[in-house]
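Next comes just one chain, in structure tokens: the form predicted on its own.
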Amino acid sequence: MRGFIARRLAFVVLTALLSSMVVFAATNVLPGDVATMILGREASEQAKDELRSQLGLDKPLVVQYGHWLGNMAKGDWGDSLSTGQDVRSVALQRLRNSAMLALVAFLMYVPLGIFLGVVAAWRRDSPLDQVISTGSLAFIGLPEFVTGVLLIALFSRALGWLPASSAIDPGSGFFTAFPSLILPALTVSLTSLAYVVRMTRASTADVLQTDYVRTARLKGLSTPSILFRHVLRNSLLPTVTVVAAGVGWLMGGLIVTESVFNYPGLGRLVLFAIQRRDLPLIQATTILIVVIFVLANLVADIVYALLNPRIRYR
């Protein structure tokens, strides 16, 4: 098991390194000039050249990349070109906010999705299966902003139960911010639920057709015993992949949802940085999201190995 984890960690480091190269190269070919955006179009060329020299933008890209990567590894992520704030502190604060929202959404849709998927597979082709499958797909075709607006209209405007805006204070704790997290988390959950339900249903239905499950039924084992001891260990393998990808998306890909609810998460920070061509902020937030994705996949690989010991020897 240690060798398996070591190989996966090496792959994570290699993936992060290659991704950093792609991110750095991509941000340097974005249209527009950083010096012009900071100083304005009226600034002289001499002032712009001095600023480029100060920022190190006049050096070869290889040198710029090495300098940037070394500073990132040391924890010096630079200052935002648009606000002047320390990029590391701003990005980590937004990451904390995204983590709170991701936790609430994760606890909403993952257990429910697995439960509904197993029930639908156990009652395959029954009216209950049709209701679960159809119901889970009801919101997947709706854009996130439509779902968010509908939830605001119902739970905030009509019922007055929850706040319409999720603009929390920077230092808010989890329990203080929790009421503001429910609606955006519910919006995300309604969109993501169908993926977990359908993946769990499909894999569980396949496992239920295997010989060892039929044998367990013939032995007279109870339904909970069959599901928890014989079915779920194998049927959850594909679901783990979906959930792992969902973790990365929850941490940095909720740009639309965060914008609808005015929530200060990492996704909105990425959008803010791109709109202002804030290179240090774009690079830091993008790398942060990449690292989250690769770590989520590392956890998924470990869970795979725990559920199926044959995988760890590959």
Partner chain sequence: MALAATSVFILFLFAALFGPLVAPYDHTAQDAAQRLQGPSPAHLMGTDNFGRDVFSRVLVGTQGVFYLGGAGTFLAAVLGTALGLIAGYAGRLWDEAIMRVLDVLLAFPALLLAMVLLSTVGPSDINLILVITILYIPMFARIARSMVLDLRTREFVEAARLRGESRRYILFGEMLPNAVAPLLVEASIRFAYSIFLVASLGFLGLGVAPPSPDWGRQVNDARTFFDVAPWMLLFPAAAISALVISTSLMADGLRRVFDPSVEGRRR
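These numbers come from a predicted model, not from an experiment. Positions refer to the first chain, counted from 1.
Not pictured, yet referred to below: the form predicted together with the partner chain.
Which among 88 to 96, 178 to 186, 127 to 135, 106 to 114 is in contact with the partner chain in the predicted complex, heavy atoms within 4.5 angstroms?
Looking at the partner contacts, the answer comes out as 127 to 135.
Please run the contact check for D169 against the partner chain in the predicted complex: heavy atoms, 4.5 angstroms, yes or no?
No.
Does D206 reach the partner chain in the predicted complex if we count a contact as any heavy atom within 4.5 Å?
Yes.
Can any non-hydrogen atom of L18 be found within 4.5 angstroms of the partner chain in the predicted complex?
Heavy-atom contact with the partner chain at 4.5 Å: present for L18.
Is Q64 near the partner chain? Define near as a heavy atom within 4.5 Å, in the predicted complex.
So Q64 does not count as contacting the partner chain.
Answer with one of P143, G160, P224, G173: the residue that has a non-hydrogen atom within 4.5 Å of the partner chain in the predicted complex.
Of P143, G160, P224, G173, the residue with a heavy atom within 4.5 Å of the partner chain in the predicted complex is P143.
Should the three residues V118, V240 and Y263 be counted as contacting the partner chain in the predicted complex, with contact defined as a heavy atom within 4.5 Å for each?
Negative, none of the three is within 4.5 Å.
Under the 4.5 Å heavy atom criterion, name the residues of 162 to 191 that approach the partner chain in the predicted complex, in sequence order.
Nothing in this stretch is in contact.
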